[in-house]
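So this first bit is one chain, no partners, the form predicted alone, shown in structure tokens.
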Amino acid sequence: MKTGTIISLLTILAFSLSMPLFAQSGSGIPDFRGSLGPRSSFEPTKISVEEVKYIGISPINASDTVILKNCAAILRNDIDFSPYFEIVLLDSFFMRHMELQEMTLLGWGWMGSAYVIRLEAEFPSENLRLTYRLYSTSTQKEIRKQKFESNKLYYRDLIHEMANDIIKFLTGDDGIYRTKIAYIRQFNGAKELYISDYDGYNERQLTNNKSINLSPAFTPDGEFIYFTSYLDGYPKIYMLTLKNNNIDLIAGYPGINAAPAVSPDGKYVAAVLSKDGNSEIYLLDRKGKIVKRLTYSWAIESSPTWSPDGKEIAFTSDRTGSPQIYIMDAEGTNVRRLTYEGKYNDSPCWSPRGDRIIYISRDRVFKIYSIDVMGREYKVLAELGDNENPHFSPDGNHIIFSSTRMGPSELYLMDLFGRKQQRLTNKGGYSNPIWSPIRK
């Protein structure tokens, strides 16, 4: 597999050979929970976000005006990102045709919007105080009103928090707009670990060891990231503390130490070790002590991923001659093969909903597939260029992945149906993205 692709054991081995030996539901508000149907039949609910109205007394400067403009745009992007909703934009031709001086709730309803969000802003001292009012176009009534305030320098976080509140009210599900993504960036021969907001803003470099760092994995509390690094010349597993960037060695057993995956309760780490001569999946405690060896095979076992209830682990094995996806109990028993289509399947990631697993499959190029956990139904989600490193968002509604469809490897987002595919980065050299948990 080429450099920069998924971090399977084949990639780890390639690097090793080059190293020295070693709803809330209100009146009339539908409950969207569990309503996502098949890709061909699901229709998102339409919603509109009006421009921010300044209701303060004092004049505002140009930078404050830009902030207000950005607030509406960010909220639209957040809401539209949800597979449940689709943003309806203002249509000036429609307004002229209907002889409307300003858009009304009735007008939005004519354009297909079920809901309208109106925003009001003030700038007390150095803060931004933003109020949203949510209206139903069918009843012409306000159904929710909430106020948010923060230093105006952090208006993006304020808007993300507002979007979380709106999604929670309309669907009953926690929003993901304050979550983070971690990923690898390659430059000057090194691969370093980075973190940013879910939409790519506020990027921050986490490692600067000028080495090869791979396969990051968040802990369930979002406070630590496990990852593989060749910092000492051998592939070892480290843990990075996000609050201070401290890095601790977790697993440095002889041979390969790679592909860490933290259990949903945060107590264990499934990882790939070759300490006994062959790459196998082991269960470690959080500090790297071996609890149990889970697989026993002559083949390469790699890429463990936990089921959301922590009772099972999916993984990749070439025990039948080519890499395929398997599932076993968390104790290493009851192993069953999941995939039969495709000659090269790897990088499984279990949905937080528990019903599906996404993975990559090579068919001239690497495509991203989704399959139910019984192996009865699978479908392609991404197929332009080489698409790799798929990982679910914590709500199970979105997938982040890397792709070379535009040339260099970049990060992309899509919903769980493969719709709304959008590029997140544009500098090249991005891979191994993961999503942080929702922090309550």
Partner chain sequence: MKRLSLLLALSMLIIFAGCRKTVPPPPPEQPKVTEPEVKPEEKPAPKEEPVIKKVSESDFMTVYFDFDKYNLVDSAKRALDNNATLLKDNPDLVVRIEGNCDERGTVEYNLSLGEKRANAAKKYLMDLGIAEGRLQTISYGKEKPVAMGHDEASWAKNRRDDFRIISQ
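Here the structure is a predicted model, which is why all the values come from computation and not from measurement. Positions refer to the first chain, counted from 1.
The next section is about a form of this same protein that is not shown, the form predicted together with its partner chain.
- With the partner removed from view, the residue among Ala114, Leu214, Ile117, Ala330 that has a non-hydrogen atom within 4.5 Å of its partner chain in the model of the complex turns out to be Leu214.
- Checking Tyr230, Phe123, Phe224, Trp108 for any heavy atom within 4.5 Å of its partner chain in the model of the complex turns up a single hit: Tyr230.
- Among heavy atoms of Ser347, some come within 4.5 Å of its partner chain in the model of the complex.
- The closest heavy atom approach of Ser48 to its partner chain in the model of the complex falls outside 4.5 Å.
- For Pro323, a non-hydrogen atom is located within 4.5 Å of its partner chain in the model of the complex, even though that partner is not displayed.
- Among heavy atoms of Val88, none comes within 4.5 Å of its partner chain in the model of the complex.
- Contact with its partner chain, judged by heavy atoms within 4.5 Å in the model of the complex, is confined among 370-378, 410-418, 383-391, 57-65 to 383-391.
- The putative spot formed by Asp157, Ile176 and Gly200 is not touched by its partner chain in the model of the complex; no residue has a non-hydrogen atom within 4.5 angstroms of it.
- Shown without its partner, the chain has Val272, Ser274, Gly277, Asn278, Ser279, Trp298, Ala299, Ile300, Glu301, Ser302, Ser303 in segment 265-304 as residues with a non-hydrogen atom within 4.5 angstroms of its partner chain in the model of the complex.
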